[in-house]
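Listed next as structure tokens is one chain, alone, in the form predicted on its own.
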Amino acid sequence: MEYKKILVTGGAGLIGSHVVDELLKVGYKVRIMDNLGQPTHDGSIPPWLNKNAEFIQGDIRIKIDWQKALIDVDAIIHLAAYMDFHLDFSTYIRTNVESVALMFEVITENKLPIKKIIAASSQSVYGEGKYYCTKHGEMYLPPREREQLSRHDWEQHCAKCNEVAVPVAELENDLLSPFIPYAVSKLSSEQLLFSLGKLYNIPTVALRYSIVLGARQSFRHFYSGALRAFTVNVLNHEPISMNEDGQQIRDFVHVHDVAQAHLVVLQDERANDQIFNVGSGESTCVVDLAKIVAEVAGVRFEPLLTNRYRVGGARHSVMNVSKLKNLGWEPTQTLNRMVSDYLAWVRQFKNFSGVLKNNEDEMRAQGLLK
């Protein structure tokens, strides 16, 4: 399908700016709407933003900004969101859910000829996800209680026999049990997206990202993320500090592969009205990520395990990406490439270590890091 102009909200961010680059590369006209707000930005247009895209500074929580951004647009890639775990819970709803409502209000009130909407979602909607016990089979387990975490019992256990359960790769039709405000808001935004898309006959797609890595990734976010934290540690010649026991399993995917996924679902009508997981499909222990960071940085691997844990964190998160692969998409970038790209990019900044320390101190003060 041909598109006249594509709007990318959050187009100055990590994923958004790479999506913009790929859209322009194949010949699409692109408009970006981004508020350039903290913590991702500092109020100014980042130097990596593609100058061949039209830029509008606007806020997805403001209806008039949507009205300006949607002029002469016939496809939308809605990536802007409020992330991490903060205590201003209402902001997740106002940003992540209400923005979808405002987008459809402007579309319907002005009878705009939108041909497709692609919206960002998150692996976090699965919550703790699905597990397998050798005696009792597959099961969905609730988040670990603080009492369990406080005695440093990190693993998930079968509810019937208490044996350690192993994670099962998440499928798009799995039971969803989000348990942090960001995840709840993302599930709500998915539901609103598909209900209004169906009601007004606009094809819609939701992409559930795993952990996206690569250049242009902000180190200012509240959680900072494992790669960002480990990078600060090695560049400061510190031991690499890990949560829990470092054996948590995650799916890390390169931002280039994620950007390519947007082009696939944009151009393929088989993607219409569907949800897709976007990850590498590979399982990586956090401690193995730390080892790669040390290796790429050329320093000795020095782990620091203090039984620290993050409130609201899933033990394991494993993603099945076969549905997206069936459309012809394939992840191509290795974990070493993800780490190398990020390390090379973050070295240009001077205050990255101070930001990480401030974030961790604030998380402890708010009871989010134990």
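Bear in mind the structure is a predicted one, so any value in this text is a computation, not a measurement. Counting begins at 1, following the sequence as shown.
Omitted here: the form predicted in complex with a small molecule. The next part is about that form.
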Triplet Ile117, Asp257 and Leu266 all within 4.5 Å of the small molecule in the model of the complex via a heavy atom: no
Contacting member of Leu227, Ile202, Val296, Met83, with respect to the small molecule in the model of the complex [4.5 Å, heavy atom]: Met83
In the model of the complex, the one of Ile180, Leu176, Val73, Val212 near the small molecule [non-hydrogen atom within 4.5 angstroms]: Val212
Contact flag, Gly58 vs the small molecule in the model of the complex, heavy atom cut 4.5 Å: yes
Interface membership of Thr108, the small molecule in the model of the complex, 4.5 Å heavy atom rule: no
Distance check, Gly328 to the small molecule in the model of the complex, heavy atom within 4.5 Å: no
Touches the small molecule in the model of the complex: Ala271 (any heavy atom, 4.5 Å): no
Stretch from 232-240, 182-190, 157-165, 128-136 whose residues place a heavy atom within 4.5 Å of the small molecule in the model of the complex: 182-190
